[in-house]
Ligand code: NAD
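Consider the single chain below, provided in C-alpha cells and representing the form predicted on its own.
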C-alpha cells in the first residue's frame, strides 16, 4: 500500500463530488469520518503450540441508508487507514447503485496463505467472537474480500450462529454474505464482482459506439475479480492480451487462453511460468483498448498513467488509481470507469443473498443475473447523465449521484437529536 493516506484520498474524492452538488457542510463532516471504529486484539494458538496475538478491524462508516455492509480483508498489510478508506468507498458504492445499505469494511492483519486450514479457522472464529454484537444480520453484514472466501464466510456465520440463542441459529444466516450455496449463499455471488465490471464496460461501449467483440484488454490481478472478469470478457469476444499479478506478467497479442491460465494459476499460485505466453516487463505499457486494474490500491500512479496506451480504465479493484494519475488520464483523454461503479456487482449480489436469507428463498441464476444487470445499468445511466450535466469525470459524477441520495435521506430524516 502507498505511504500516502488512503482515507484522505477517499475524503478528497467525496469533497470533489460534494462540490459539484453543493453538499451541506454538516453532511461533509459526517461523511469525513466513520461512525464507529472497532479494533480487536485476540490470541490464536498455532499448530506448533505457540500463541500469536492478532489484530482485527471493523470500520462502520455510515448507516443512514441501512445496515452497514462491506468485506473482510485478510492481509498482513491491513491497517486502520486502509480499512477506513474502504469503508467510506462502500458507503458511496451502496448509495450509487441504490441499495438500502450503508458502508463498512473489516480486516485482519495476517497472511492467510501462511496459515494451515486449522489455524485459519481458529483466526476466523476468534475474530468473529471478538466482534460479537458489533456485527449482525440487521446491523452490520460482512462479506468476502481479498484473502477471504466462501469458506471463511461459512465459518463466520457458523460462529455467530452458535453465539446466538438456539431459537435464532437458523435465522441469522444473513449475518454474512458470500457463503457457500449449501450454507445459505447465492448463485452468482462468486463471479458477481467480475460480472459487474463487465457490465460497466459494456455500458461504456454503448456510449462510445464500441462493442466488446474484438476489444483488446489488459488485466492486472488474477484473483476472484480479475479472473472472472477476464473469463466473461473472453466469452463475450474480447481478447485478453496480457495479465499480471504478484508473480509477474504474461501476454499474447492474439489473446490468452483464460481457461488454461486459470488452471495454471490454481496449480502454481500465479501467472508466472504460463508456457503459452510471452513474459512482459511492463504490463501497463502494453497497448490495448481497455486496462482493468483488479488487484490492490494505488497501482496506477502518475508515472504509470503517463505510459498507459488505452482508451479506458475500468477499475475492478478498490482505489487502484491515485488522484495524480486521474489528472494525467483526464489530460490524455483516457476515460476511467470508477471503482464505486465498476466493482459494485459484488455488493449488489451480496444484497440479493441477504434478501434470500431473510425470506428463506433461493433465486435462480437467471434472476440474479438479470437483477444485477438492471441495477448496474441504472447506476451507469445515472453516472453518465451526471457527467454530462456537470461536465465532470465519471468518478466525480458517481460521487455526485451517491452524495445526492445520502443528502436527500439526511434532509428527510434529520440529524439526531
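Positions refer to the first chain, counted from 1. Values in this document were obtained by computation on a predicted structure and should not be read as measured data.
One more form of this protein, predicted in complex with the ligand, exists but is not displayed; see below.
- In the predicted complex, residue 220 approaches the ligand with a heavy atom inside 4.5 Å.
- Using a 4.5 angstroms threshold between heavy atoms, residue 189 counts as touching the ligand in the predicted complex.
- For the chain shown alone, residue 295 is a contact residue for the ligand in the predicted complex, at least one non-hydrogen atom being within 4.5 angstroms.
- Using a 4.5 angstroms threshold between heavy atoms, residue 245 counts as touching the ligand in the predicted complex.
- Only one segment in the set 127 to 135, 250 to 258, 199 to 207, 312 to 320 has residues whose heavy atoms sit within 4.5 Å of the ligand in the predicted complex; it is 312 to 320.
- This chain is drawn without the ligand; in the predicted complex, the residue among 102, 144, 185, 174 with a heavy atom within 4.5 Å of it is 144.
- Taking 73, 84, 264, 195 one by one, only a single residue has any non-hydrogen atom within 4.5 Å of the ligand in the predicted complex, and it is 73.
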